[in-house]
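Taking the form predicted on its own, here's one chain by itself in structure tokens.
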């Protein structure tokens, strides 16, 4: 098997390293902080232990995989690795700095991937010439559980590089979907559009009843309020603001997210968002079920249609991405496969 590198030993990077090692690759996990490397290896083993407890993995296979992960504090350690996956925090300036260092350390033919959930691959690639070898590999959180990987092509990404990146993801047991770069990629665009529509339709109504309406009306396992609590209202608001700047008022939630953040209600991460704990059991009145549930899925379908019309991804890949990335039983476009 090849030698793979992951640069950034946080929660995402450490689990990506684990997935690569479980697939049989030798992995170099790089971070400038020795403590981060220690914590990252600990997190990777803990994620693997959960897989063992759930019957998804044999203990001996986990032990062998962890033994295939080595660590380094100098990015030059990635020189013989292919692909090299950058997984540092979601800041353009930081990612560009790291990608430039990776680019200087590896041969021009090496696939250099960024695990970004929304930053421009074109802009990132400009820092890592030749830009054609830079591709996005958006693993969904947590990588030890989620099957989806969005494979993002920037304006300069070579087709062969995108193909090799998709083959690598498939070799980890993931389902890659091909995505042409756009703000939000596929899953975030569809989900945030639906969430915004759900919040606006709920207005001053009961969030628990609104969420029950969404779950009753369609394939999503949770409504927009519970989902925002799960991902974090600050995270939601950051992504939503970027999407409104890119696409306009269809991502305007009338200040719902901003008010929650200003009130310190960030969701599960700090103990309270729309709900103080699990969504309270309730049933949605018929009129609410028709209004909020219908608006939520219509917004998702409309955004998915826009993605397909823009050539961002195929209809089949859009549906696959939303099913696997958001846990929907069916995709918003209803395509087969």
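Predicted model, so just to flag it, every value in this text is computed and none were measured. Positions refer to the first chain, counted from 1.
We do not show the form predicted in complex with a small molecule, though everything after this point is about it.
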(message) For the interface check, one of 257 to 265, 136 to 144, 76 to 84, 199 to 207 should have non-hydrogen atoms within 4.5 Å of the small molecule in the predicted bound form; which one?
(response) 136 to 144
(message) I need to confirm a contact call. Of 244, 115, 110, 120, which residue comes within 4.5 Å of the small molecule in the predicted bound form, counting heavy atoms only?
(response) 115
(request) Only one of 66, 36, 288, 279 comes within 4.5 Å of the small molecule in the predicted bound form by heavy atoms, so just point that one out. (result) 36
(message) Please tell me whether any heavy atom belonging to residue 11 falls inside 4.5 Å of a heavy atom of the small molecule, as the geometry stands in the predicted bound form.
(response) yes
(message) Residue-level question: is residue 89 within 4.5 Å of the small molecule in the predicted bound form, judged on heavy atoms?
(response) yes
(request) Answer for residue 98 alone: is it within 4.5 Å of the small molecule in the predicted bound form, judged on heavy atom distances? (result) yes
(request) Report whether the minimum heavy atom distance between residue 303 and the small molecule in the predicted bound form is within 4.5 Å. (result) no
